[in-house]
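Here's a solo chain for you in structure tokens, the form predicted alone.
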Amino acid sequence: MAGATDFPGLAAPRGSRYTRPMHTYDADLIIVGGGLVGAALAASLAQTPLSVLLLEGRVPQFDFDPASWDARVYAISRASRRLLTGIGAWQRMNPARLQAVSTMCIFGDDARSRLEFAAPEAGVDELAVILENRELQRALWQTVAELPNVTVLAPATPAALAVDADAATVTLADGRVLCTRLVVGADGAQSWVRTQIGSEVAAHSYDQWGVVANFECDKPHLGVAHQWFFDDGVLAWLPLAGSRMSMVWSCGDAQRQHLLALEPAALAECVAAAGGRRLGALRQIGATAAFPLQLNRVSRTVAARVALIGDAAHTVHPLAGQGVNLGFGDVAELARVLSAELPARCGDYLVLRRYERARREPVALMRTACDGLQKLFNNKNPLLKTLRNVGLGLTDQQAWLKHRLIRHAMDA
């Protein structure tokens, strides 16, 4: 793979058996976006005859201070771990920065209602693994760097996209023109690729922000994740390796401004108090950040010679922590579909439609569940408040139901 800063030119065209008379392809596949999902797709195609160009707007920096912790973390499901292991990325991560979740405790807003999921109930060792964005990104890029069929262009900014019957052409901001059979948009919630194909987005703002920060804890977390539903937001504590935890507080703009304005000691006290001091006194490590929460329903995720994956194809409320797992599900399915076809057909619309149909139901189920929970709990109607808290308690008493919910979340 060419280096990020010393890339001399385009990859050599594939052999004549991959070339149609009217086009010389620079690659069978161009992935726009080298984040977690885009890099995972490139790695997932390692054992195929497809040649891949991975375009990323910024050169990733991985020389971070090992004593620091990324405020952006993910709860990786069993299905996602299986994918990452299969492509060789999981093995590259530092085990000292991974934390298994053994139990999930969910609390209602009446100080009594509680729902607990424990790994032994499902006959497994862990419900999920919490890891940092940058650690996973590093592992994925190291994996991609060793693949002979993948070439990375970074920095590279796409400026125009044209599609005809046999090819898609991506023109970069620096004037280079790339010809390919398929363009995959893995370029996030504000996807440039999605805009180029005219795929409409029904965007619903939650009028909430996700405020994130990391803390050292006086008490051991024992691998337990906590989540509190309030009528004005959701607070989650995710265990990190060592006596540390990552906070995600989904809240309104006034609360966001308040939290961001607090000094580290004051924020730590506020977060500890909101969680009933379950982990004792807290000390903030690193900075506080915030991002807007929005639900995106995309009208179509494929077109002729174009496919969307990850946040380019869908976004959901983070209360279930399933956004990145949905993206990895897209990767697994698209890689499966493309692997079953000849390279010459990888951009055919009917082939891509198989991917779109396969992902429609799991994405819709997760989106509906997250959206429904957000609307149910972020609601001050007293009747709904009673019903939701009673519902938590009743669910906690149904072992078979909890078992099914655990299994569904793990295999997402």
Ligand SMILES: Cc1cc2nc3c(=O)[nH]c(=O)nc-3n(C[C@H](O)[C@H](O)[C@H](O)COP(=O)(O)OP(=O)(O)OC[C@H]3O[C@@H](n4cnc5c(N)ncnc54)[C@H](O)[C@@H]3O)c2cc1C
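Counting begins at 1, following the sequence as shown. On a predicted model such as this, the values are computed, not experimentally measured, just so you know.
The same protein also exists as the form predicted in complex with this ligand; that form is not shown, yet it is the one meant from here on.
K.L.:
With a 4.5 Å heavy atom cut-off, would you call A186 a contact of this ligand in the predicted bound form?
P.N.:
Flag for A186 set to yes.
K.L.:
Examine T151 and determine whether its closest non-hydrogen atom to this ligand in the predicted bound form is within 4.5 angstroms.
P.N.:
Heavy-atom contact with this ligand at 4.5 Å: absent for T151.
K.L.:
Considering non-hydrogen atoms and a 4.5 Å limit, does this ligand approach P49 in the predicted bound form?
P.N.:
Flag for P49 set to no.
K.L.:
Would W228 show up as a contact with this ligand in the predicted bound form if we use heavy atoms at 4.5 Å?
P.N.:
W228 lies outside the contact set for this ligand.
K.L.:
Just to be sure I understand the contacts: of V306, A75, L267, A167, which is the one whose heavy atoms reach within 4.5 angstroms of this ligand in the predicted bound form?
P.N.:
Of V306, A75, L267, A167, the residue with a heavy atom within 4.5 Å of this ligand in the predicted bound form is A75.
K.L.:
Within 4.5 Å, heavy atoms only, which of A335, V302, L293, L240 is in contact with this ligand in the predicted bound form?
P.N.:
Exactly one residue meets the criterion: L293.
K.L.:
Choose one stretch from 87-95, 194-202, 208-216, 112-120: the one whose residues place a heavy atom within 4.5 angstroms of this ligand in the predicted bound form.
P.N.:
Among the listed stretches, the partner-contacting one is 208-216.
K.L.:
Could you pull out the residues of 45-70 that have any heavy atom within 4.5 Å of this ligand in the predicted bound form?
P.N.:
If the 4.5 Å heavy-atom criterion is applied to this ligand in the predicted bound form, 45-70 yields L55, E56, G57, R58.
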